[in-house]
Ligand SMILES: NC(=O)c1ccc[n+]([C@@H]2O[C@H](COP(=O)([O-])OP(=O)(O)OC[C@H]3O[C@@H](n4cnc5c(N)ncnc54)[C@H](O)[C@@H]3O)[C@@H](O)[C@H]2O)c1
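For reference, the chain that follows is the form predicted on its own, supplied as structure tokens.
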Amino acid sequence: MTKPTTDATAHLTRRGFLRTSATAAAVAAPYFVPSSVFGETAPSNRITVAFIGTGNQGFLDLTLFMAQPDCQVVAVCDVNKGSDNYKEPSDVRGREPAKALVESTYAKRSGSGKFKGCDTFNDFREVLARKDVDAVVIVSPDHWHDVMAIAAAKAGKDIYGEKPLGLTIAGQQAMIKAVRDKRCVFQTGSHERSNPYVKAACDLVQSGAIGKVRRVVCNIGRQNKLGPGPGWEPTPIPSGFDYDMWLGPAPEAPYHKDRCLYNFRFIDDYAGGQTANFGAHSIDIAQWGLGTSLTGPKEVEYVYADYLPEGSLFNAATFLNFRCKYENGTVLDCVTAEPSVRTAFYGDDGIVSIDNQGQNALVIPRKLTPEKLQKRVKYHSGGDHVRNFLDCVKSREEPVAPIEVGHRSASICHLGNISLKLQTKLKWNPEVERFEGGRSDEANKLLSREQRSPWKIS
């Protein structure tokens, strides 16, 4: 592994190197550049990255980015200085633990065994103001995604944005506009798009090998945490946690230890439950295999949903089933399960199923499948997905999971949650991205959320 830069060059980035070189050449000749700055990880080639959000997924993404030899993490930002009790009670996360992870990782790779060069921030705007940051990785709760991504695009940063793309369809549309207006590279964290086995499966489905696809089943995990029930009482805000900043654009709400950190995903002010968590992967695979990555269904229907008692802190559906129908008649069922299979395509001539957790089994009960695709394999595509993003930052090409693709997959999650909330069938126009007929007025109001001042998607 190539050694990271030391303190003296820690903030000399691709942009900074080119500016500095040009200035030096203008005021002093000859200008000598040490040979050490050339090569794969020269300042002119190295991509400097800052992380916004350092919880469980933030820590995973940190390790993936730091594994890339031409990338250097120079800053981490989180409203939590540091604490345990993330996904598991023993998980210690936050900005100070993230800084320690970054510096210890780079120290192990340096000849001296020492490294200092990762700054910490509480406010993401301070990160975006830094001229020495090329790209940001947004790993905040969903309700922050649109505000942060739009601000990052306006600041000229390239963006790796974790899935789901956003909390609302309107917020995601605003993200797309900002990213395209500023010509940013944006990679949605739908890492299965970088999984060669999933690609092989989706290519097979699109090739017609299993005939016309009649049905796709997208399995999502059940709610895996239990929050306080009716009559819950607020708890004290812990030291080192900026709760007002954590809420950000979300409504005012009393603090409870189970409202934040990992558990935010089960409260609809901040996320879309397991529909948007697991569904952002399983539905994205369905869209890919169906060849509908840049469009969506024409109908979404409530089938079943179960919730915790009224007044509980968690208000996302615990068990659910919603059904979508596409223009060609294909039906997509999203259902709560203990998924050994993430996504399954059912065609007239066979079945393609893709296992959960990166273990992908492709099964087609006909003589149409290459033998190698019938084997069970274990593969996690996170590193490849990060690699693709960094390559595109350099080339300015489109990544494998561009923002529009992330938008359409996440939109189906949102459409499903709207149908569950209204307990009805709804007509959807994927061209104009609006509900039509029936209870469309009521449903269209749920495409956006009021955002608390001063946080606006503008």
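Given the structure is predicted, the values throughout are model-derived calculations rather than measurements. A residue's number is simply how far along the shown sequence it sits, counting from 1.
Keep in mind that the form predicted together with this ligand is not shown, yet the notes after this line are about it.
Participant: Should the three residues F65, S110 and R387 be counted as contacting this ligand in the model of the complex, with contact defined as a heavy atom within 4.5 Å for each?
Facilitator: The answer is no: none of the three residues contacts the partner (heavy atom, 4.5 Å cut-off).
Participant: Give me the residue from Y197, Y302, Y262, F314 that has a heavy atom within 4.5 Å of this ligand in the model of the complex.
Facilitator: Result of the distance check: Y262.
Participant: Looking at P141, G171, G289, P297 here, can you tell me which has any non-hydrogen atom within 4.5 angstroms of this ligand in the model of the complex?
Facilitator: None of the others qualify; the residue that does is P141.
Participant: Are any of the heavy atoms in D284 no more than 4.5 Å from a heavy atom of this ligand in the model of the complex?
Facilitator: D284: no, not in contact with this ligand in the model of the complex.
Participant: Can you check whether S409 is within 4.5 Å of this ligand in the model of the complex, heavy atom basis?
Facilitator: So S409 does not count as contacting this ligand.
Participant: Are any of the heavy atoms in P69 no more than 4.5 Å from a heavy atom of this ligand in the model of the complex?
Facilitator: No - in the model of the complex, heavy atoms of P69 and this ligand never come within 4.5 Å of each other.
Participant: Please tell me whether any heavy atom belonging to G279 falls inside 4.5 Å of a heavy atom of this ligand, as the geometry stands in the model of the complex.
Facilitator: Heavy-atom contact with this ligand at 4.5 Å: absent for G279.
Participant: Quick one: which of 172-180, 128-136, 253-261, 213-221 gets within 4.5 Å of this ligand in the model of the complex, going by heavy atoms?
Facilitator: One stretch meets the cut-off, namely 253-261.
Participant: Which of the residues spanning 159-185 lie within 4.5 Å of this ligand in the model of the complex, based on heavy atoms?
Facilitator: Those in contact are E162, K163, P164.
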